[in-house]
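To begin, one chain is listed below as C-alpha coordinates, in the form predicted alone.
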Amino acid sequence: MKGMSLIVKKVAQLIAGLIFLYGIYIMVHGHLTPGGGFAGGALIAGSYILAILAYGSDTIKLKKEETGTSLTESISIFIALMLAVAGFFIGTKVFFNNYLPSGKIGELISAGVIPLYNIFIGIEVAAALITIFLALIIYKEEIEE
(Lines give C-alpha, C1' and ligand atoms only; values in the text may rest on other atoms or scores of the structure.)
Protein backbone atom coordinates (compact mmCIF):
# COMPACT_ATOMS: atom_id res chain seq x y z
CA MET A 1 0.00 0.00 0.00
CA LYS A 2 1.60 3.25 -1.17
CA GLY A 3 -0.36 5.80 0.84
CA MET A 4 -2.68 8.64 -0.01
CA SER A 5 -2.28 12.14 -1.42
CA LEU A 6 -0.12 14.85 0.13
CA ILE A 7 -3.15 16.70 1.55
CA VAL A 8 -4.44 13.59 3.31
CA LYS A 9 -0.96 12.86 4.69
CA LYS A 10 -0.54 16.36 6.16
CA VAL A 11 -4.04 16.43 7.68
CA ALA A 12 -3.54 12.94 9.11
CA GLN A 13 -0.18 14.01 10.54
CA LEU A 14 -1.80 16.92 12.40
CA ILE A 15 -4.88 15.03 13.54
CA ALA A 16 -2.98 11.87 14.59
CA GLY A 17 -0.87 13.93 16.98
CA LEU A 18 -3.93 15.53 18.53
CA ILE A 19 -5.70 12.19 18.86
CA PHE A 20 -2.58 10.71 20.48
CA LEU A 21 -2.37 13.53 23.03
CA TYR A 22 -6.08 13.24 23.78
CA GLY A 23 -5.65 9.49 24.33
CA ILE A 24 -2.90 10.17 26.86
CA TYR A 25 -5.12 12.75 28.56
CA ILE A 26 -7.99 10.25 28.81
CA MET A 27 -5.66 7.58 30.26
CA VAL A 28 -4.07 9.83 32.86
CA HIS A 29 -7.33 11.48 33.96
CA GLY A 30 -9.39 8.27 33.91
CA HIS A 31 -9.92 8.28 37.66
CA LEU A 32 -11.34 11.83 37.58
CA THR A 33 -13.45 11.80 34.41
CA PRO A 34 -15.17 9.15 32.30
CA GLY A 35 -12.58 7.17 30.42
CA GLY A 36 -9.48 5.40 31.52
CA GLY A 37 -7.18 2.76 30.18
CA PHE A 38 -9.42 1.18 27.57
CA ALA A 39 -10.75 4.41 26.06
CA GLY A 40 -7.32 6.07 26.07
CA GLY A 41 -5.67 3.01 24.55
CA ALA A 42 -8.27 2.85 21.80
CA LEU A 43 -7.61 6.51 20.97
CA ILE A 44 -3.84 6.00 20.89
CA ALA A 45 -4.23 2.97 18.63
CA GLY A 46 -6.55 5.00 16.41
CA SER A 47 -3.89 7.67 15.97
CA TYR A 48 -1.33 5.08 14.83
CA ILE A 49 -3.85 3.40 12.55
CA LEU A 50 -4.73 6.76 11.00
CA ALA A 51 -1.05 7.42 10.27
CA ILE A 52 -0.58 3.95 8.78
CA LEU A 53 -3.64 4.38 6.56
CA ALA A 54 -2.53 7.82 5.35
CA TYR A 55 1.13 7.02 4.72
CA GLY A 56 0.71 3.42 3.62
CA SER A 57 2.12 0.20 4.97
CA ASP A 58 5.33 0.58 2.96
CA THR A 59 6.56 3.40 5.20
CA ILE A 60 6.57 1.28 8.38
CA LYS A 61 8.43 -1.61 6.73
CA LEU A 62 6.02 -4.33 7.80
CA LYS A 63 7.51 -7.70 8.56
CA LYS A 64 5.68 -10.98 8.52
CA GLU A 65 5.43 -10.82 12.31
CA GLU A 66 4.06 -8.13 14.56
CA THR A 67 6.39 -9.01 17.44
CA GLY A 68 7.01 -5.44 18.60
CA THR A 69 3.41 -4.70 19.47
CA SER A 70 2.83 -8.20 20.85
CA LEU A 71 5.83 -7.80 23.16
CA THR A 72 4.62 -4.36 24.29
CA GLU A 73 1.18 -5.82 24.97
CA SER A 74 2.60 -8.68 27.03
CA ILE A 75 4.94 -6.49 29.06
CA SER A 76 2.28 -3.91 29.91
CA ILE A 77 -0.28 -6.48 31.06
CA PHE A 78 2.45 -8.21 33.09
CA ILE A 79 3.30 -4.90 34.83
CA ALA A 80 -0.40 -4.28 35.58
CA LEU A 81 -0.65 -7.78 37.04
CA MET A 82 2.47 -7.24 39.14
CA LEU A 83 0.98 -4.00 40.51
CA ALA A 84 -2.09 -5.99 41.55
CA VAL A 85 0.00 -8.74 43.16
CA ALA A 86 2.11 -6.12 44.96
CA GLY A 87 -1.11 -4.77 46.44
CA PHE A 88 -1.81 -8.23 47.80
CA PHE A 89 1.55 -8.54 49.55
CA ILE A 90 2.02 -4.91 50.68
CA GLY A 91 -1.46 -4.22 52.00
CA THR A 92 -4.08 -6.18 53.86
CA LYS A 93 -3.93 -9.31 51.69
CA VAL A 94 -6.35 -7.83 49.14
CA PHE A 95 -5.71 -8.27 45.42
CA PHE A 96 -5.57 -4.83 43.66
CA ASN A 97 -5.12 -3.11 47.02
CA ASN A 98 -4.35 0.61 46.89
CA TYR A 99 -0.96 0.78 48.59
CA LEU A 100 0.12 4.25 47.39
CA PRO A 101 -0.89 7.31 49.42
CA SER A 102 -4.01 9.14 48.28
CA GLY A 103 -4.05 12.88 47.75
CA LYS A 104 -6.85 15.43 47.82
CA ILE A 105 -10.07 14.52 46.02
CA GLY A 106 -10.19 15.99 42.52
CA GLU A 107 -6.44 16.39 42.04
CA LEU A 108 -4.49 14.47 39.41
CA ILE A 109 -2.49 12.52 41.98
CA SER A 110 -5.39 11.53 44.20
CA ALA A 111 -6.16 7.92 43.40
CA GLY A 112 -3.10 5.98 44.49
CA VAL A 113 -2.49 3.06 42.15
CA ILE A 114 -5.50 3.55 39.85
CA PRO A 115 -3.74 5.92 37.40
CA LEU A 116 -0.92 3.38 37.04
CA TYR A 117 -3.46 0.67 36.19
CA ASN A 118 -5.07 3.03 33.64
CA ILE A 119 -1.73 3.77 31.99
CA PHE A 120 -0.63 0.15 31.66
CA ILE A 121 -4.05 -1.08 30.57
CA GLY A 122 -4.11 1.74 28.01
CA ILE A 123 -0.74 0.66 26.63
CA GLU A 124 -1.97 -2.93 26.47
CA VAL A 125 -5.19 -2.00 24.65
CA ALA A 126 -3.33 0.21 22.18
CA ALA A 127 -0.78 -2.51 21.45
CA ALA A 128 -3.50 -5.14 21.05
CA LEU A 129 -5.53 -3.05 18.61
CA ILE A 130 -2.43 -2.14 16.60
CA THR A 131 -1.42 -5.83 16.52
CA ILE A 132 -4.85 -6.78 15.17
CA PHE A 133 -4.66 -4.03 12.55
CA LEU A 134 -1.13 -5.03 11.48
CA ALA A 135 -2.17 -8.68 11.26
CA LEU A 136 -5.02 -7.71 8.94
CA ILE A 137 -2.68 -5.64 6.74
CA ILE A 138 -0.10 -8.43 6.58
CA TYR A 139 -2.84 -10.94 5.70
CA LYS A 140 -4.14 -8.65 2.94
CA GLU A 141 -0.64 -8.14 1.50
CA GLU A 142 0.02 -11.89 1.52
CA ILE A 143 -3.19 -12.51 -0.41
CA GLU A 144 -2.29 -9.86 -3.01
CA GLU A 145 1.14 -11.44 -3.67
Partner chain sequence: MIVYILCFILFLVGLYGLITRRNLIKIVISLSIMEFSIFILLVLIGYIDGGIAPIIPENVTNPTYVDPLPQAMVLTAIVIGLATTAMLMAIAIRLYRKYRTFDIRDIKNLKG
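Numbering follows the first chain given and starts at 1. Quantities reported herein were computed from a predicted structural model and do not represent experimental measurements.
As for the form predicted together with the partner chain, it is not shown, yet the points below apply to it.
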*in the predicted complex, does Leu32 have a heavy atom within 4.5 Å of the partner chain?*
yes
*Is the gap between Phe38 and the partner chain in the predicted complex 4.5 Å or less for some heavy atom pair?*
yes
*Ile132: heavy atom within 4.5 Å of the partner chain in the predicted complex?*
yes
